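The chain below stands alone and is given in structure tokens; this is the form predicted on its own.
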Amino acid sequence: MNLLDYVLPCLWAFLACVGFGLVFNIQGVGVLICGLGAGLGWLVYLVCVNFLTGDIFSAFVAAMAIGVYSEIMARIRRCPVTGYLQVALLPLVPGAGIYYTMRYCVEGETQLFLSTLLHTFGFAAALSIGAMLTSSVLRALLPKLRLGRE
């Protein structure tokens, strides 16, 4: 893959999430922060897919990167983490997997339905566990790090 294969998808993720940031009523620079989080998450996902095996693990790593980024930006700006996290995770949501799962279900393709369903659940679970794990670990560690500085 060349550089444009990484840059352009990250740019589209950035632009899409800036639009969603406006829909979610995120104010000012926060919209750009959400877009940067989406671009970062998509970049991590693309790098992991190309250098590691499996898109589910890549989604997990990307969700962790977005989680760390969102926690840091929320603390810097003194805003809730959920706005940054939800918007930045949007490009990774398995919409195609959901679509094809329902399509195979309606068409009666049981084997394709079940395999696509399990893959989509795995992908979505990787996103949620990655974001939740990162948030939990950072919320447990950050107060202890602050006490060490004072």
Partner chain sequence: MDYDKLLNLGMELGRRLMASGAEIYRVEESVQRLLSAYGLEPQVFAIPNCLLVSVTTPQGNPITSMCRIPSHGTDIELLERCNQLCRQLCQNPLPVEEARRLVGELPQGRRFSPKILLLGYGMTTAFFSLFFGGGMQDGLCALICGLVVGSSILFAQRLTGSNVFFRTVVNAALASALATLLVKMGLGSNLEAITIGTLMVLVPGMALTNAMREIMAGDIFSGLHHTAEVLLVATAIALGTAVPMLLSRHL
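Positions refer to the first chain, counted from 1. Because the structure is predicted, anything quoted here is derived from the model rather than measured.
Same protein, other form: the form predicted in complex with its partner chain, not shown, and the subject of what follows.
- Here is the short version: of Ala124, Val49, Leu40, Val61, the single residue with a heavy atom within 4.5 Å of its partner chain in the predicted complex is Ala124.
- In the predicted complex, at least one heavy atom of Glu107 sits within 4.5 Å of a heavy atom of its partner chain.
- Using a 4.5 angstroms limit between non-hydrogen atoms, Val18 touches its partner chain in the predicted complex.
- Using a 4.5 Å cutoff between non-hydrogen atoms, Pro91 counts as a contact of its partner chain in the predicted complex.
- For Val23, a non-hydrogen atom is located within 4.5 Å of its partner chain in the predicted complex, even though that partner is not displayed.
- Taking a 4.5 Å heavy atom cutoff to its partner chain in the predicted complex, the contacting residues in 75-92 are Arg78, Cys79, Pro80, Val81, Thr82, Gly83, Tyr84, Leu85, Gln86, Leu89, Leu90, Pro91.
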